[in-house]
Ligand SMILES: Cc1cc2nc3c(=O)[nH]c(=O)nc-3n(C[C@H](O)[C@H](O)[C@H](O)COP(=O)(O)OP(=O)(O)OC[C@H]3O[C@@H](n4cnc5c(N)ncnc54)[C@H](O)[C@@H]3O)c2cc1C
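Only one chain is included here, represented as structure tokens and corresponding to the form predicted alone.
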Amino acid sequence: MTDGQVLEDLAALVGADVVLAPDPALLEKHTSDYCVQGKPDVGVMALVFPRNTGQVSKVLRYCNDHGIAVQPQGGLTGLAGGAVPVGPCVIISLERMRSIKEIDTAAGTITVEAGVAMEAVQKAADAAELFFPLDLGGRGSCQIGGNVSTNAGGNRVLRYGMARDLVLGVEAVLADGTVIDALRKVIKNNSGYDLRQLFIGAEGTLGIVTQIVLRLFPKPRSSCTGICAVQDYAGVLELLRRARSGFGALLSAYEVMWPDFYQMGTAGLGRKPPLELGHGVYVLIETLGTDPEGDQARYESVIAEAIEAGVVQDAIIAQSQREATELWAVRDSPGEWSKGIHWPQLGFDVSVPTGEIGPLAEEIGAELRRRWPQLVSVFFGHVADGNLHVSVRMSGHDIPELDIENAVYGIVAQRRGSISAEHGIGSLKIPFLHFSRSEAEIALMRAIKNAMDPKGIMNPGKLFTSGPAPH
């Protein structure tokens, strides 16, 4: 079929205002994400901006009947190319589906369409005196549908879990247009296979999530934030033990920054470091509670005891929300690296058990220095939930990315870790999936894909190699 015929047919199905021709301005935006620069000439037949689930269903049914690939898209803030088209396709963007359907204060839930921005969910929950804990740097532009489809993690996984732990129900549209209505608000539901989990983390390869029921929590009345300096990773683990014991359920974030990262996120960006440079490791600790005065006193007491015991060498504790924001800005600094201090960069998002994070960082750093001493690498991560981020500056040398990736992922595989803790596989990590998944696991995932999308139209070229699973 010609592109013109596809445009005409889709417009007749769902309306000319919903289906747009792929002009250069639209293609520039909708063929790239945060890290992957796509190709505007990839062969986009049409861009569809549905306003409701019914329109998504009609478009998918048409594409499935005619064997046309579909590229689902959210806020385009991904880091693995999961929303970037890799071949001729119809793009379905959920950005017009931005309705907040319901907040149920008794059930502690919010029901939203997939195109709602994460920050909008946070603000709606806050207005209802509730709290939506999922949070990451792209909160203002990333969309909940994309967060669910990639099983987003972020800053508070330690206390509240990943996206999949915050989803009670979903509505999703399968490749053939079938609508799966699993928008239930119950926490306990032991009635067979948990179908919602099929779509969480599947990156749009099994269907398009159109609505989600999310869990909300009591609104915190206190927030305590500080940065501590420790000597080494043994100190990181001892401080974590003390934080868990001293704060209990209040502990919401435990973010670790190695010295090179800390220098880059402060002096490298023209900021005065909250603590002096030169310490072994820096740890940002956040607690969320319900007793402002008591929680602050408790926070200061736990840190003071760690200082007295010689575990913490120095510390700074925020005394206002402004100061807390300034401390978090150090940890959130990767969003500013594109200013030229560490860009372009090759990022790694890996996981191993928390006790192995320090040795893993040492092994990766030693291997990169041994093979390519000219590389500049920085380390940071959500260490308490086993997540290490590594960023390698990709300028000033001609080392193939593939060689660096194989080196890093090979070390992670030796520790039976994951090559993707929270960013997903997308298109960038397909060659390395075998480092984390056995042949039997990949075969089972392919079987599920083949059962739900036998023609292979849903987000081809992602998670697996392109095309449907072999029969």
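Throughout, we count residues from 1 along the sequence that is shown. Nothing here was measured: the structure is a model prediction, and the numbers come from that model.
Note that the form predicted in complex with the named molecule isn't included here; everything after this is about it.
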query: Contact residue in the predicted complex, from C224, L327, A229, C142 (heavy atom within 4.5 Å of the named molecule); finding: C142
query: Partner-contacting position among T266, T77, T287, S377 - heavy atom within 4.5 Å of the named molecule in the predicted complex; finding: T77
query: Distance check, G386 to the named molecule in the predicted complex, heavy atom within 4.5 Å; finding: no
query: 4.5 Å heavy atom contact, P292 and the named molecule in the predicted complex; finding: no
query: H423 within 4.5 Å of the named molecule in the predicted complex, heavy atoms; finding: yes
query: A152 within 4.5 Å of the named molecule in the predicted complex, heavy atoms; finding: yes
query: Answer range among 214-222, 129-137, 394-402, 365-373 for contact with the named molecule, defined in the predicted complex as heavy atoms within 4.5 Å; finding: 129-137
query: Contacts with the named molecule in the predicted complex, stretch 50-75 (heavy atom within 4.5 Å); finding: Q71, P72, Q73, G74, G75
